[in-house]
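Take a look at this single chain in structure tokens; it is the form predicted alone.
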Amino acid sequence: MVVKMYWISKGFIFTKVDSFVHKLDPRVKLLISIQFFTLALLVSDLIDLAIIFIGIILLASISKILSRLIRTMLFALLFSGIILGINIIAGYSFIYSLQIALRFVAIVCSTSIFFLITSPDELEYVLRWFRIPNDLVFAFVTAVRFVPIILLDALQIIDAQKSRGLELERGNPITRIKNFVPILVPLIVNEVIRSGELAEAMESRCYGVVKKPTVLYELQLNINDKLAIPFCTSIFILGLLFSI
């Protein structure tokens, strides 16, 4: 179980890769992700959804993150199976239920691919470019940075507690829930300590003293970005025309 969770968790953590897509401006990456997200929301035919999946897989292959995206896709398939079952029980046809389930997977993948090819620093630059307040930018970027860390901390605690004889996969559901108490307590304590350290680091750097802090890096479009925008937009428009 822990090995599987480790394997899935790697699909949600950014890793720097030397690829053409990673070198694009983060605003262009966001535009591509929004285009896939919009198409996934609008299309309803299984063939159209299959084309969207092919496009996502091609983009992931060019970005050299296909293996990590597959982990995210498998994680989304767990919930899509639940969606499929609920729709069938509710009386909807199997084809319609399958469309809803696959659409959910496409939406998750289109969102996940942005975070897999965009570093937290680039995400911060994009949010500041949108003129979002600094406190909101800091809170969101910190959450993006620490959620994978919290997940890895939980997996390490599970591994350590299982080495001490804790059994998580035996007993009735109530017993299994109780067995997670030795995992939640050290995890909460660990994150409280980490949040205190973060607060001290912010205070030592005089966070909030300057209302409009300057930034070291300014977003600028290069030639590859200027070529990628019309190319991706034209494909997006064609996708909209065929889906309507």
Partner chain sequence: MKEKSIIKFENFSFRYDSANEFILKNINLEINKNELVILAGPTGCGKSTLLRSIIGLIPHMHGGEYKGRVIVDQLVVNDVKITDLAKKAGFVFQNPENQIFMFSIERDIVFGLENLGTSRTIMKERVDSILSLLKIEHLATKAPHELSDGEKQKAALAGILAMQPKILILDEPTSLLDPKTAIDFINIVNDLRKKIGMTIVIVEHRLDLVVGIADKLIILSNGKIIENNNPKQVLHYSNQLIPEIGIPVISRLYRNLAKSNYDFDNVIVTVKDMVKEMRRKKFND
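Residue numbers count along the first chain shown, from 1. If you superpose the two forms and keep the largest set of C-alpha atoms that fall within 1.5 Å, you have the rigid core. Computed from a predicted structure; not experimentally measured.
One more form of this protein should be noted, the form predicted together with its partner chain, which is absent from this view; the next part is about it.
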Could you check which residue among Leu184, Ile47, Leu216, Leu58 gets a heavy atom within 4.5 Å of its partner chain in the predicted bound form?
Leu216
May I ask you to choose, among Val189, Ile177, Cys206, Ile54, the residue with a heavy atom within 4.5 Å of its partner chain in the predicted bound form?
Cys206
When its partner chain is placed as it is in the predicted bound form, which of 26-34, 39-47, 198-206, 63-71 ends up with heavy atoms within 4.5 Å of it?
198-206
Do Asp121 and its partner chain share at least one heavy atom pair within 4.5 Å in the predicted bound form?
yes
Given that its partner chain is not shown alongside this chain, does Tyr92 nevertheless sit within 4.5 Å of it in the predicted bound form, heavy atom to heavy atom?
no
Although its partner chain is absent from this view, report whether Val144 comes within 4.5 Å of it in the predicted bound form, heavy atoms only.
yes
Does any part of Ile149 reach within 4.5 Å of its partner chain in the predicted bound form? Heavy atoms only, please.
yes
With the distance limit set at 4.5 angstroms and only heavy atoms considered, check whether Phe115, Arg131 and Ile223 all reach its partner chain in the predicted bound form.
no
Please check if Ile51 moves between the shown form and the other one, taking a CA shift of 2 Å or more relative to the superposed core as movement.
no
Align on the rigid core first; then say whether the Cα of Thr111 has moved by at least 2 Å between the shown form and the other one.
no
